[in-house]
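A single chain, nothing else alongside it, follows as structure tokens in the form predicted alone.
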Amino acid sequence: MKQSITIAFICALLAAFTLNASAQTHALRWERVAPGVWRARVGRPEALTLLGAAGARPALEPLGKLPAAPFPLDREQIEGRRWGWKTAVRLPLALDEEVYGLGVDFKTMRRTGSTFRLHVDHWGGVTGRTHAPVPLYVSTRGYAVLFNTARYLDVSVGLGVRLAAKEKPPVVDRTTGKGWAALPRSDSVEALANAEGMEVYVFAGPTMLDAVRRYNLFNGGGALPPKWGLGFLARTPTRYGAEQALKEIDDFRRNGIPLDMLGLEPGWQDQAYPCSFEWDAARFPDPSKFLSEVERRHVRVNLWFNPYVSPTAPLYRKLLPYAGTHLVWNGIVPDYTLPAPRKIFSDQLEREVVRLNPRAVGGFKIDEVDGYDRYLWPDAATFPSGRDGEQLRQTYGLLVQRLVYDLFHKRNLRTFGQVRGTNAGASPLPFVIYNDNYAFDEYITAVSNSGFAGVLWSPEVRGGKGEDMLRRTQAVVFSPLALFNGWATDDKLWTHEEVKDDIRAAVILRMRLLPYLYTTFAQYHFEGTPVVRPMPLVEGFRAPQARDESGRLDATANPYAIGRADEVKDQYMLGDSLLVAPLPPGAKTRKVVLPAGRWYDFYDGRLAGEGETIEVTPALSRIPLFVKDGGLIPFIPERQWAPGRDEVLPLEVRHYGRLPGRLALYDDDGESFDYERGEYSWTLLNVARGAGGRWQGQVTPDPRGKRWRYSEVTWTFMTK
């Protein structure tokens, strides 16, 4: 009896010791997993991670070409902690250090002094709940950190002063002193997940942009869409059938507005919300014939679906054994972490849609994989794989994107689509995030923030009158995906006579800029450089002077009001040379903050300013655009759809400013994945002054002798 009591006591003591030990803070052990990339594990990370769901595969060769950089943090100041079902990580944050990233937010870019719950959701103004809550932060000290967990993540950035902190904020008496802060600055970034462990990755710089490049390349490099994906997309009203859809294409052609993609909304299926994934026989009696007519018009279709399967669908019985415990709109939620349901669903899309005409089916719009909580499954849901509702919520968009991408990759045909929710690891997946937010300033902020997150995000035009429609169109043509969403409006881009010519000009300008845009996406794929570069990533950029950060008493509003550093979140770089500053509807003027160096007006080549804040009053027909000194912008002639894989076009190259120009122009067949086997070219374009002092352009072909699809090059020197 005594022996039993003694053994029980020892076991209890060991259990208590183990629990106490697991709650203790310990240093992390870092392993170099790629050039400039390190990984550490805290506790026992779960098998399902964000990078795993996305199918991320590091691009080691281009990672090795980035500048060498040491581990960017003091390892002794990084701590991990595990207790119960919780895992926490703390990393140091200097008092002069700012943080960006942590998801595609619609309000702000700067993250320092805030807390977040990163949670896939429809954006509703709640910090951290967004369509792409990518748990990656980027520091002004030139590094980035990723928390690779498929759990909701609570992150505190510069808040929560620790008792053990070596440097604490000063103690100020609020009644008599000055500079009292309601939210005193801490020395840490802290992340907490309800999990038995997590992986943490650190990406070195040496610059912020280099750190983002490493992250994108570690995922496999950015998405490279087909050339037609960089044209224009129009989505039809929900109930359009085949005849109406074809008429829509013909109306675009009659009005001279380029069109490459036609989006069919829920009505292409015979059941939606939940979905059947079967053509509606009344609206589309002969899908093959319809797709042939679409192809004849040089257009691809993009088909909407949400991934919840109707009990009326033939697919239902096949996927029922793999369904989660809860329904969405009475449809089952298949567990796509398992290979069997992935194959069943992929085979359905292949059989019922893609194989009918692979050259006419461009891709899919994956809807409703974001939120809200009241629509989707609860966290209490479970799935056949053993995963729970929280894990599937964070990864469902990634899993479906990967499934669709692999379907097209097997056919050696590229796709470009839309998705409502995504997460870390999505850089190589050719999908652009969208949502229902229609506040102009907020969706421009989201475009900028996407550059920190390794994702693509584009606003939409959804009808509107006159100037409103025009200004929104001008903004979308300078985003990753140019889109008019007509699913719930009778308006067309040509409806309003007073602006239709300017709308046409904006869409034509995007088409003419195809060589520049395609090269920008190639840089994203091969070098990891984001397509959209928010201003903090731009060399030579300095934000306007920050306002006072101390707390300010305001008894009429908020006695704890906190000053914020000024942000430049309504302008961004698109590619190497083009600064985009969208003008909101109703505004006549706006300020533009120019980085260091000289910048020139895109339209006339005149000097706009040099490292300063300027105010511009553009004509209604123009979105403010600026080109850096020495910038080269290649154009193709005006046309109504993207060139085919063997089409050869003349090229105009415009040079801006007083400095020599250099651009490596990318090209491939624009449709297949043959570029993965080396079938692509980088042609060097140079502009320099000749012996007589006049500007001269030179073309240096790809040294490997690879083909490019431009015949003659003319040079236009914009700055007189």
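The structure presented is a predicted model; accordingly, all values stated were derived computationally and were not measured. So that there is no doubt, residue numbering starts at 1 and follows the sequence shown.
Below: the form predicted in complex with beta-D-galactopyranose (GAL), not depicted.
*Asks:* Of 186, 276, 485, 302, which residue is found within 4.5 angstroms of beta-D-galactopyranose (GAL) in the predicted bound form when only non-hydrogen atoms are counted?
*Replies:* None of the others qualify; the residue that does is 485.
*Asks:* If the cut-off is 4.5 angstroms on heavy atoms, which of these, 387, 598, 510, 365, is the one near beta-D-galactopyranose (GAL) in the predicted bound form?
*Replies:* Partner contact (heavy atom, 4.5 Å) among the options: 365.
*Asks:* Using a 4.5 angstroms cut-off on non-hydrogen atoms, would residue 420 count as touching beta-D-galactopyranose (GAL) in the predicted bound form?
*Replies:* It does: once beta-D-galactopyranose (GAL) is placed as it appears in the predicted bound form, residue 420 has a heavy atom within 4.5 Å of it.
*Asks:* Please check if residue 167 has a heavy atom lying within 4.5 Å of any heavy atom of beta-D-galactopyranose (GAL) in the predicted bound form.
*Replies:* No, residue 167 stays farther than 4.5 Å from beta-D-galactopyranose (GAL) in the predicted bound form.
*Asks:* Is there a non-hydrogen atom of residue 436 within 4.5 angstroms of a non-hydrogen atom of beta-D-galactopyranose (GAL) in the predicted bound form?
*Replies:* Residue-level check for residue 436: yes, a contact with beta-D-galactopyranose (GAL).
*Asks:* Considering non-hydrogen atoms and a 4.5 Å limit, does beta-D-galactopyranose (GAL) approach residue 265 in the predicted bound form?
*Replies:* Within the cut-off, so yes.
*Asks:* If contact means a heavy atom within 4.5 Å, which one of 265-273, 242-250, 204-212, 309-317 is the stretch that engages beta-D-galactopyranose (GAL) in the predicted bound form?
*Replies:* Going through the listed ranges, the match is 265-273.
*Asks:* Who in 701-720 is close to beta-D-galactopyranose (GAL) in the predicted bound form, meaning a heavy atom within 4.5 Å?
*Replies:* Stretch hits: zero.
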